[in-house]
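To begin, one chain is listed below as structure tokens, in the form predicted on its own.
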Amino acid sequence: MTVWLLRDVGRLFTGTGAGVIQDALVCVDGDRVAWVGSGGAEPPEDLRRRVADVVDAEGGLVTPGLIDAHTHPVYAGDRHAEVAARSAGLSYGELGGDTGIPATVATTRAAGADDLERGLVGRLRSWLRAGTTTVEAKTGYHLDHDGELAATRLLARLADDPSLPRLSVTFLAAHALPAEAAGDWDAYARQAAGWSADAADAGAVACDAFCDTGYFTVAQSREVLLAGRAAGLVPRVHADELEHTGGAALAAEVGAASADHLLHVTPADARRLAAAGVVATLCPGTAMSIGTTPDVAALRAAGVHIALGSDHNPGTCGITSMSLVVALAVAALGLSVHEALLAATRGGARSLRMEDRGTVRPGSLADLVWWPAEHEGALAWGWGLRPRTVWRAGEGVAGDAGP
């Protein structure tokens, strides 16, 4: 396996208890980080003898590959006109016609499989070019058995494509109510719950439910999540985004990996999440779009681990740059640069229960990003900062340098 050395790293954000290492070196063996040092240190002799290439980071900043812990990337069409109309003050009722999730469901169901895959791959490549090496990817724009499973299989097939970010596939049949359900939320929730085993067989690793006002109730979401858990899927929850309806408490109850959005989280919710080990995945782009921000102070005080997501979707947020999400988390949510970058790396790994990434330490995946900056503060200053080089599994996949 190829061994190479990244030298003259001005600041290495490790995502570990070591924090930031100045004047760092990173030795990569195959797809893993083999050794990390600083100053005049050199790799162990057995590694040093095998080094086939050296990359000079020129005193720049290096971080783990960023992790987007909440996305909705499998869809067709766009809702740009709707976004513009809402920005002018029109409500969904005033817009008329097909709007919101149902509009995307209609265009997605009508799309050909090749077109759907082409759009998805294009989006995923933009994530990778922007420094994101792992993406949580949800289904949820078919809302029928065959379509949701086809979307799951598509994501699972692309999950380890070396030209794309790694994917963690989440089954989100409980995203909204399809038109053919004729207003019967209970019946559709039972249906979606019954698809869990098929979703696991198709390659999903997690299940999700949109537990909120106007969507699935706590009881309906519980049925979906417990069925998913029984099928081997890790629960995740869209929780308390639109109003405080008990989604965070449900996430703690079912042992979810993550409670997402949390724009109406309370201090009591935060304590429940911390006690249950549930990660709070915050999506600052959507929070800004809605005009409500989560109580980060309550999450921080309770000791809840925080992850970040773009919430990329066709209706409210088209972001595919996690460096932009980091900047928004600092500006809109009040996280420090260190907190935001940690949330976009190790926090995301915790949210996805993937402890082999999100850090730079021996044994971690060699997912690395070299940024055109000398300090991580540049990520909050240069909104949407673009990487110089992105390495995925030790291979240069984007940028202008690499072994």
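Because the structure is a prediction, the values reported are computed rather than measured. All residue numbers refer to positions in the sequence shown, first residue = 1.
From this point on, the text means the form predicted together with a further copy of the same chain, which you will not see here.
So which of Gly315, Gly203, Gly246, Gly147 gets a non-hydrogen atom within 4.5 Å of a further copy of the same chain in the predicted bound form? The option sitting close enough to the partner is Gly315.
Of Ala275, Ala84, Leu90, Ala268, which one comes within 4.5 Å of a further copy of the same chain in the predicted bound form, counting heavy atoms only? If I apply the 4.5 Å criterion carefully, the residue I get is Ala84.
Considering a further copy of the same chain in the predicted bound form, find the one stretch among 216-224, 180-188, 98-106, 316-324 with heavy atoms no farther than 4.5 Å from it. Correct option: 316-324.
Might His375 be said to contact a further copy of the same chain in the predicted bound form, defining contact as any heavy atom within 4.5 Å? Contact check for His375: yes, within 4.5 Å of a further copy of the same chain in the predicted bound form.
Non-hydrogen atom contact Ser38 with a further copy of the same chain in the predicted bound form at 4.5 angstroms: Contact with a further copy of the same chain, no.
In the predicted bound form, Val337 touching a further copy of the same chain (heavy atom, 4.5 Å): Contact with a further copy of the same chain, yes.
State yes or no: in the predicted bound form, is some non-hydrogen atom of Gly140 no more than 4.5 angstroms from a non-hydrogen atom of a further copy of the same chain? No, Gly140 is distant from the partner.
Taking heavy atoms and a 4.5 Å limit, what residues of 46-81 are near a further copy of the same chain in the predicted bound form? Residues within 4.5 Å: Tyr75, His80, Ala81.
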